[in-house]
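First, one chain by itself in structure tokens, the form predicted alone.
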């Protein structure tokens, strides 16, 4: 089978060939139809991830496909079922246990034609979604779902930028009846965010003190901020959040000095880290996606053979929504 793998020292993923795996007891063999890229994956293939990833590892945590074969004792799926990966293969329900083995780091990931995985680490694809749309869900969508949990009518939510997590958070918050504000860097992205339901969009290039602008627009601040930048944007998020509000920390993508603890203390706000979600969370999210007919926003679909170009586009952009690889 064809696959792509991480190279020593970081750089573009390299093509390789391997034997098609045979599913063991409790496993299913998935013919991968699509996969998608997250910021974590870019760090892995470029050699900048927080832990060492061995050369030869197949990257990508997110993938969708069809069950080709099943091992002994499999009961959750049958041959022909459409399935999608879970980000945490062993977190099935309940509170976050710990960071276990993940696809793309300790386990081979989904940038391949076939993958044998435990049946417990998969969920069914929502009926109305294509494989390409389903492949966007495991990390970005579920992270956004967890980040906006509890937001509803009368609440104001702030999202940063137009990447996968932010766009999904906007969509989920609007389904819940919340007002959504967004930051972005250009007029076209602002227009598209408005089309998806953002009531106000602040250009963070022309308005670097965007936290104060969000305070003014909301008359007191956002009840929830979906924090993507981390150290580089947290200071402005503290200015943007309402007294007693919450900052949901889902990424640390922007360089910076971090937060002023005194300013944060005065807000009486909560800083909560988001670790994607469990399989049970995923299944609840998929019910909502199916009930409301929500469609993931895809920036670009790239053929499998052009996987290195997909990573290059993800890094250099511009992009709006998810970058998907079609297998």
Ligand SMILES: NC(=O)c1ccc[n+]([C@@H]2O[C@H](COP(=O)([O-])OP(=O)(O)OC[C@H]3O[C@@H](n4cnc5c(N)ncnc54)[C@H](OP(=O)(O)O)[C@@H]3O)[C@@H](O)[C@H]2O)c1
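Here the structure is a predicted model, which is why all the values come from computation and not from measurement. Residue numbers count along the first chain shown, from 1.
The same protein also exists as the form predicted in complex with the ligand; that form is not shown, yet it is the one meant from here on.
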request  = Mark residue 311 yes when one of its heavy atoms lies within 4.5 Å of a heavy atom of the ligand in the predicted bound form, and no otherwise.
outcome  = no
inquiry  = Can you tell me if residue 39 lies within 4.5 angstroms of the ligand in the predicted bound form, counting non-hydrogen atoms only?
reply    = yes
query = Any chance residue 76 has a heavy atom within 4.5 Å of the ligand in the predicted bound form?
reply = no
request  = Would you please decide whether residue 139 lies within 4.5 angstroms of the ligand in the predicted bound form, comparing each non-hydrogen atom pair?
outcome  = yes
request  = Consider the chain as shown here, without its partner, and state which of 109, 211, 126, 161 has a heavy atom within 4.5 Å of the ligand in the predicted bound form.
outcome  = 161
message = Counting any non-hydrogen atom inside 4.5 Å, which residue from 252, 120, 218, 130 sits next to the ligand in the predicted bound form?
response = 252
task = Report yes if all three of 236, 259 and 265 come within 4.5 Å of the ligand in the predicted bound form by some heavy atom, otherwise no.
result = no
query = Which among 111 to 119, 238 to 246, 68 to 76, 153 to 161 is in contact with the ligand in the predicted bound form, heavy atoms within 4.5 angstroms?
reply = 153 to 161
request  = Residue by residue through 201 to 221, tell me which have a non-hydrogen atom within 4.5 angstroms of the ligand in the predicted bound form.
outcome  = 204
